[in-house]
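Only one chain is shown below, in structure tokens, and it's the form predicted alone.
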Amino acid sequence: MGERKNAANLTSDERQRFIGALLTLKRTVVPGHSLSVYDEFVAIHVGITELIGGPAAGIDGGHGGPAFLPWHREFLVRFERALQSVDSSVSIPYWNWIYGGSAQTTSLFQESYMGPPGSGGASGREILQGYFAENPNSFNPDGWKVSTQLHPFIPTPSLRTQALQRNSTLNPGALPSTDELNNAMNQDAFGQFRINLEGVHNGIHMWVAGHMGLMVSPIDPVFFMHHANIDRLWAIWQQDHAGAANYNPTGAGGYGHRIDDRMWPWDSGQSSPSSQLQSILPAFPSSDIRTPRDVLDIASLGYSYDNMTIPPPPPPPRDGH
């Protein structure tokens, strides 16, 4: 599938190709489907939290348990394949938020890249410029609209808009600290590693906030760059904790989280979400089955990362003495 690169280091051409593929998926509706290809991924992410039938009923198979990591890994692989169906050169870049307010973060939130903070509309948090603004503009003549078919799954009334929303102040100083991250990466037991890393992950979602703060979070394309970094961090941890023995050895989490459980929606129809959600989801063939065991090795999935280390943070500036 290719090499996933640091989003801050993409060339201008790589940025344009990535954004172009995003925009194409957003405006492409498969005949007979009601949502765009892009928004179907949003619906899938909602669905994993709302299973009501089958062995995974009542279980969030993608959050708050061991399968948080393998489920999102498979989810990103599927999304990356969709991007590559548009442009085979594209891979999902990762947002390296580890060092807070460095250029690794600030360079992303520009109108010519992933868009600025929210700054207008009734909530004061709507994105008004760039590719992901609601209204057509020089960057995106179609505009980036939140589908009204997703509104029933948005619990916050002020976020049931067609405009993408984020915090009005993206304060780099409030990002998770390197100490918090290192506390996760230094865990030898998978269970504690996953809990700590998912906690750091949650902090990033709430830092961006708006739609990123809800289960419809893939509405914001920054979601995929954030989760690519989470996946990279798991892959780094796996370098010293490789193999099935180091995934959920206690069998925690309920159905969908154990190593050979089928992960919805790649489960041959074993589990199901609400009928309201089913009406907007894509169909998956019965032969399309994925388990956590299937995704433990990124090399076998055909992709890699340009950097598989976490270097120490740069030293603080000298005070001249």
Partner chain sequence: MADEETSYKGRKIIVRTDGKNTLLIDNSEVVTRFDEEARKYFSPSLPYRTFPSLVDLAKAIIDQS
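Numbering follows the first chain given and starts at 1. These numbers were taken from a predicted model, which means no experiment stands behind them.
One more form of this protein, predicted together with its partner chain, exists but is not displayed; see below.
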- request: Select, from the options 251-259, 285-293, 23-31, 267-275, the stretch whose residues sit within 4.5 angstroms of its partner chain in the model of the complex by heavy atom distance.
  value: 251-259
statement: Students should find that, of 77, 195, 128, 235, the residue having a non-hydrogen atom no more than 4.5 angstroms from its partner chain in the model of the complex is 195
- prompt: Which pick from 181, 150, 86, 214 sits with a heavy atom within 4.5 Å of its partner chain in the model of the complex?
  reply: 214
task: Check, residue by residue, if 2, 4 and 14 all come within 4.5 Å of its partner chain in the model of the complex, counting heavy atoms only.
output: no
- prompt: Heavy atom to heavy atom, is residue 206 within 4.5 Å of its partner chain in the model of the complex?
  reply: yes
query: Hey, in the model of the complex, does residue 169 get a heavy atom within 4.5 angstroms of its partner chain?
result: no
field: Contact label in the model of the complex: residue 155 to its partner chain, heavy atom within 4.5 Å
entry: yes
message: Taking any heavy atom pair closer than or equal to 4.5 Å as contact, tell me whether residue 202 reaches its partner chain in the model of the complex.
response: yes
task: Go through 65-82 residue by residue and record those having a heavy atom within 4.5 Å of its partner chain in the model of the complex; state none if no residue qualifies.
output: 65, 66
